[in-house]
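There is one chain below, alone, in structure tokens, taken in the form predicted alone.
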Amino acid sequence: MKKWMKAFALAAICVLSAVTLAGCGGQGADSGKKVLKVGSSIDFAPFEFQDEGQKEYQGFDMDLIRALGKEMGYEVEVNNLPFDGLIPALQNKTVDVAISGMTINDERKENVLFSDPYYQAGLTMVVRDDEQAIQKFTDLKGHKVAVQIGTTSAEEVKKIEGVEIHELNTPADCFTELKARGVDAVVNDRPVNDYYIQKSGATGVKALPERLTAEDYGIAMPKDNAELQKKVNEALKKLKDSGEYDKIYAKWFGEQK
């Protein structure tokens, strides 16, 4: 082996060792601090999004993961990835954790570890104001329904007999298709639907009150990193005990009921 190849191999081993010991993404090049590499699909307001003209990603998840990183002693580096690419990124160790309104379920737990739940959501529907035929989920038979690809909303709607499903890339695409009358309903997580209607000033649509499921969101980590899982859970508990979690929650959803 040539000298330069030996040197390269030695350097690679050192880097890998540092990552293993840290349990996360390593050292920041400029600050010397440890970096927590975070994967998130930045298209899921109010959990993660980017307003025009804003440099930083915003949302409940973004505030929470930055607070968790601070509590753990890490700088947080957020990587914008497609939702269906988050678990592969964890498996490939491209990122250390993923936070993106991800529901904890048995299928995902086969591939990743989850933190303790940090938010309870559920699936609701949005329809046009003039829609009379759809009042509850059992009314969706024979109708066209938009869902975001790779989400639990897609999985649950597929269980309803006689529904024509349109799987689209983002929640915004789903709402656009609804207003264009390409579909009759959108099924998505309750906070996303409520935020769309209340915060975006959307007109001509309404959210229906029925919830199809109750779901817990969790922070995902590689299957082999129980140490990081423990650190995240400890930091999450500290944020809840100190009241910091409640402040972040109130900023995006109002006071907890």
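Since this is a predicted model, take the numbers as computed values, not measurements. Quick note: we count residues from 1 along the sequence shown, nothing fancier.
The same protein also has a form predicted together with a small molecule, omitted here; what follows describes it.
Chemist: Within 4.5 Å, heavy atoms only: does F44 come near the small molecule in the predicted complex?
Modeler: Because a heavy atom of F44 falls inside 4.5 Å of the small molecule in the predicted complex, the answer is yes.
Chemist: Using a 4.5 angstroms cut-off on non-hydrogen atoms, would R108 count as touching the small molecule in the predicted complex?
Modeler: Yes, contact at 4.5 Å.
Chemist: Closest heavy atom of T103 to the small molecule in the predicted complex, within 4.5 Å or not?
Modeler: Close contact exists here: in the predicted complex, T103 approaches the small molecule to within 4.5 Å, heavy atoms only.
Chemist: Please determine whether Y119 contacts the small molecule in the predicted complex, using a 4.5 Å cut-off between heavy atoms.
Modeler: Output for Y119 is no: heavy atoms all beyond 4.5 Å of the small molecule.
Chemist: Every residue in F83, Q148 and T151 with a non-hydrogen atom within 4.5 Å of the small molecule in the predicted complex?
Modeler: Every listed residue reaches the small molecule in the predicted complex, so yes.
Chemist: Partner absent here, but in the predicted complex, which of 49-57, 228-236, 212-220, 64-72 has residues with a heavy atom within 4.5 Å of the small molecule?
Modeler: The contacting stretch is 212-220.
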